[in-house]
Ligand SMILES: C[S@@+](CC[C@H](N)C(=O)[O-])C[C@H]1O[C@@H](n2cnc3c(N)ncnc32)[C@H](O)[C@@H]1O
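Next up: just one chain, as structure tokens, the form predicted on its own.
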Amino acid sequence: MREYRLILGDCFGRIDELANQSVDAVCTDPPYGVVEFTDGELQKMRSGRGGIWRLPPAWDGCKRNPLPRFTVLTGEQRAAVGEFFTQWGKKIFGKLKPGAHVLLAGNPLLQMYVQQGMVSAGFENRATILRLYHGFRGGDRPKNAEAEFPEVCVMPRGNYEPWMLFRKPLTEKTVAQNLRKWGTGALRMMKDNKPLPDVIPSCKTPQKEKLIAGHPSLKPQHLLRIFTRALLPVGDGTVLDPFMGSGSTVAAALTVGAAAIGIEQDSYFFKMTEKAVPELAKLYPHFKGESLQCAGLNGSAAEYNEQLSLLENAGSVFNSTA
């Protein structure tokens, strides 16, 4: 296992401790700089009452994790998202090697603000990768008028999560020259020389991972191992997660052979991470993120394989009509 470093504190302050041009990639699920991970909102979430966190009921015998309700944000708070990512992007810009990629988990309601902020900070907007999975966002009926409008929902039920990909501009004339000098500027191919797709079927986070790291926004190792591996085109480097949460990205990076740095400001989550990182990294020792297949990784393999089959069939239709 490669070396990793866990840092307790606000990333805006602790990032300054990193050496300039020392980070090869960033992969993170940010809090959007608004309100959901402030101390007050976290206390409400943990108590199960009030605040921005929606507490879904049990479903299929399982109690669901809380989800932030971004629809309740004010116009001023939405505008603050773009400003946050402009400032945050400028903060990390100098720590990244030229050509380094930044991959951010997003939300369809806030995606445009994040992209505007990152471009304003000097990054190139490269792509959006869609994580397909059966989510529980959206699909809600009009509040307090469900019986009056029985065939109405306020928003579509979410079945994807956008991950926004950015790149720090190259310093060399070509990608090849940048790869030779910095080891960055491109993405690593998957198994059998297949490019990383921009649509990835994904299971919900397995229960075995939730038992190790009980973070409300825990992402599955299957997805994060694909991402961290792809972000290191020459197969080596350091991955930074400035909003570490449970440490799942750090664990994934270690599994694919990278070094990793994680920063987390919440002391409760940080203590969880210290124990969770090595335990998450031990899971699925034969899966290194080189393919989309996740058979055997968790109890939702049938659901995943069904989504993968649908995606492959859709791809064949697109190719035949192009």
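Predicted, not measured: the structure shown is a model, and the values here were computed from it. From 1 onward, residues are counted along the sequence shown.
Not pictured, yet referred to below: the form predicted together with the named molecule.
- Interface membership of residue 266, defined by any non-hydrogen atom within 4.5 Å of the named molecule in the model of the complex, is confirmed.
- Of the heavy atoms in residue 18, none are within 4.5 Å of the named molecule in the model of the complex.
- Remark: residue 228 does not count among the residues lining the named molecule in the model of the complex, judged by a heavy atom distance of 4.5 Å or less.
- Within 4.5 Å of any heavy atom of the named molecule in the model of the complex lies no heavy atom of residue 222.
- For the options 129, 212, 232, 244, the one in contact with the named molecule in the model of the complex, meaning a heavy atom within 4.5 Å, is 244.
- 218 is the sole member of 96, 218, 102, 118 with a non-hydrogen atom within 4.5 Å of the named molecule in the model of the complex.
- Shown here without its partner, the chain carries 160, 162 and 197, none of which come within 4.5 Å of the named molecule in the model of the complex through any heavy atom.
- Contact with the named molecule in the model of the complex, judged as any non-hydrogen atom within 4.5 angstroms, is confined among 187-195, 173-181, 147-155, 246-254 to 246-254.
- Taking a 4.5 Å heavy atom cutoff to the named molecule in the model of the complex, the contacting residues in 3-30 are 9, 10, 11, 12, 29, 30.
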